[in-house]
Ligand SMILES: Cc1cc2nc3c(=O)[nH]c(=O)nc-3n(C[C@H](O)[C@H](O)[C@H](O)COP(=O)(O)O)c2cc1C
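Read the single chain below, which is given as structure tokens and is the form predicted alone.
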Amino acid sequence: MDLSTIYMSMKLRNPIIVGSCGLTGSADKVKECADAGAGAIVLKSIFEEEIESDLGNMAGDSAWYPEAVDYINSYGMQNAVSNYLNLLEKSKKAIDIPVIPSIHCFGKGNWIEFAKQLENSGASAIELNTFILPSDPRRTGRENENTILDIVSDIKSKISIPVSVKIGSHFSSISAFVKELDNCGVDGIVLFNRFFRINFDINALKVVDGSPFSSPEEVEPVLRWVSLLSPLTSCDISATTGIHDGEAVVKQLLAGANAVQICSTLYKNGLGVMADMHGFLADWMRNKNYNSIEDFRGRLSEKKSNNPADYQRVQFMKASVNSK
């Protein structure tokens, strides 16, 4: 079976991408993921807010002279950027599959120049993670979206390698926003970002971290939106969140995804799960008489459905009827 796929003009040996996580934070770990069968690697993100927080802890001391604060800010950014470029270069030397740096930013800052440096250092593509939590009542949804669109447009105008944007599902109109990203020239959309979650410790009365891992059930809302959006956009789609086994991979490809990104299942089941996914996909294709992914990709998208209303339903009408 031919398991190869095209994602953002890159030919991947298979559609399984290891997403940005701790497993892609060093060149040695990146090589382990590649050896285990990944089709591409997204490097662990470099975070604008993390850098700013570290600098703020140092520069917040009133004992620092203003000149020293400027130096700390400059050095901190340069050091973080240097370390990340080093990770990219070492990873590129270690493996022969696409390596995609991930930038997590919420403002223009120095990211445009940084994107150019990534391109010059051999990045196969760049994944932008630019979502802004709509928690500020003084900012409209349109303002938040415009900030993201401005970042994307600026970076696309400065580099020639493919750019994908990883988004969440918190938009009043996901389809309209994805079309705007498409109009900005993005090459890929990653659906959906699984954001940091909080929980409450009711005994200690404090906020604690929520679960960092997805569950297999979380694949369902992603399936709906991949099915709806894949026919509407000219850019490629990578599905993520809730993809824990080969069956979930097949489902996302049937919905129209060009590739999938996995993280949680690697932590829970080990890197060997990728071989299991490859085997399931190949066996399923063989049983259905498909020779390549393009033979069936998007077959269950809304556009090709005999009953598109199934993808638009938001209430449990059938469940309500059956319960009577």
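A quick note: this is a predicted structure, and the numbers were derived from the prediction, not measured. Start at 1 with the first residue shown and count on from there.
Not pictured, yet referred to below: the form predicted together with the ligand.
In the model of the complex, the ligand sits within 4.5 Å of a heavy atom belonging to residue 263.
The ligand in the model of the complex comes within 4.5 Å of a heavy atom belonging to residue 212. Contact check for residue 44: a heavy atom falls within 4.5 Å of the ligand in the model of the complex. Using a 4.5 angstroms limit between non-hydrogen atoms, residue 20 touches the ligand in the model of the complex. Of the residues 233, 102, 124, 144, just one reaches the ligand in the model of the complex with a heavy atom at 4.5 Å or closer; this is 102.
Shown without its partner, this chain lists 91, 240, 227, 164 as candidates; in the model of the complex, only 240 has a non-hydrogen atom within 4.5 angstroms of the ligand.
Contact annotation: the ligand lies within 4.5 Å of heavy atoms from the stretch 188-196 in the model of the complex, the single such stretch among 188-196, 149-157, 169-177, 116-124.
Scanning 267-291 for heavy atoms within 4.5 Å of the ligand in the model of the complex gives just one residue, 267.
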